[in-house]
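Encoded as structure tokens, the following chain is the form predicted on its own, with no partner shown.
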Amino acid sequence: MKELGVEVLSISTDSRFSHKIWNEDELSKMVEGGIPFPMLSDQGGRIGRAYGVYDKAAGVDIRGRFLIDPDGIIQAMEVLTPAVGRNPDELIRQIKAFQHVRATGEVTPSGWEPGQATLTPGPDLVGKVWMAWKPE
């Protein structure tokens, strides 16, 4: 994610010792060199509560993904149960779309990929999105 200029943090209610063992014994076998970003411990769920993903009864943070812009504003979030895996390709697509929008002021239609057409918001676009955006 460094090539996108993005900082990634992994946070769970597990201890830093659990993270170390999990990275060494599991993740390093799935991802060459292990996870290339910090794994932070949220024992007690303070961070999870702030983001609305702490399950008090279970004492764990539910899996959530938050895209936070350079101004500290959450631009996107996704919360999944542990049984459903996340899609890294969709995460990367969204990061690129948010970066494009921030840099240009244009907006990206559904499923937008870099290099595809964008929309320029304004009064001239109202009621005419269907003419400007023609999905294949």
Partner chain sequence: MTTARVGEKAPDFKASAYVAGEGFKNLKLSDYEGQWVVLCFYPGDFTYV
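Model, not experiment: these values are computed from the prediction. Residue numbers count along the first chain shown, from 1.
A second form of this protein, the form predicted together with the partner chain, is not displayed here; the remarks below concern that form.
Although the partner is absent here, residue 106 sits far enough away that none of its heavy atoms falls within 4.5 Å of the partner chain in the predicted bound form. Mapping the unseen interface onto this chain, residue 10 counts among the residues with a heavy atom inside 4.5 Å of the partner chain in the predicted bound form. Put simply, residue 22 is close to the partner chain in the predicted bound form: some heavy atom of it is within 4.5 Å.
Interface membership of residue 16, defined by any non-hydrogen atom within 4.5 Å of the partner chain in the predicted bound form, is confirmed. Residues of 52-80 that come within 4.5 Å of the partner chain in the predicted bound form, judged by any heavy atom, are 53, 60, 61, 62, 63, 64, 65, 66, 67, 68, 69, 70, 71, 72, 73, 74, 75, 76, 77 in sequence order.
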